[in-house]
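We begin with a single chain expressed as structure tokens, specifically the form predicted alone.
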């Protein structure tokens, strides 16, 4: 586990819109910067700071971030329009939301841009996991191709779409867990909004006792 954190200079290299509300950016990897899949960085720009989980794998040449464009958000708003070549400051890596090998099956549960740390794990070669990604619409299924190739089971959970992609579930991730996940002892990794983490943790306590739970909250 990488625990030493430092401040580094980086440069914005590329920006690509993933949907009408989220975009990905690629920034240069500073010399000497190391991280574990699932960790995050603190990005500073325009006098403001925000934490973002890293999408890319440690072996990749640049750092990839997935960013939700929050209305009124100081950092996301700045990054959504900043010129390519803009200088940035990053601090990190931070966090302990990394994969822990275990004899128990791993179940990853994400909502929205909470998919980012799982993408880093998959790009690093992890394959033996079940992934539920809760979103509103198919356009919000960021990195679906990656997980179709990497996950043992990949289930998009959509709440507002009339047309479902292949193998998708209509409803929330909690509803899928209640109806379709076989009773067993698992290692659950939860990444996303506070409400999802709360609701899934309660469900695990009730229906999947003795399972372990790891969380990464996205605000």
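Positions refer to the first chain, counted from 1. Model, not experiment: these values are computed from the prediction.
Beyond the structure shown, there is the form predicted together with a small molecule, which is absent from this document and is the topic of what follows.
Among 116, 131, 135, 122, the residue placing a heavy atom within 4.5 Å of the small molecule in the predicted bound form is 116. A heavy atom within 4.5 Å of the small molecule in the predicted bound form is found for one listed residue only; from 151, 155, 66, 158, this is 66. Although the partner is absent from this view, residue 217 contacts the small molecule in the predicted bound form, with a non-hydrogen atom inside 4.5 angstroms.
Using a 4.5 Å cutoff between non-hydrogen atoms, residue 76 counts as a contact of the small molecule in the predicted bound form. Shown alone here, residue 52 lies within 4.5 Å of the small molecule in the predicted bound form, counting heavy atoms only. A residue is said to contact a partner when one of its heavy atoms sits within 4.5 Å of a partner heavy atom; residue 184 fails this definition for the small molecule in the predicted bound form, lying far away. Between 143-151, 108-116, 123-131, 83-91, the stretch whose residues reach within 4.5 angstroms of the small molecule in the predicted bound form through a non-hydrogen atom is 108-116.
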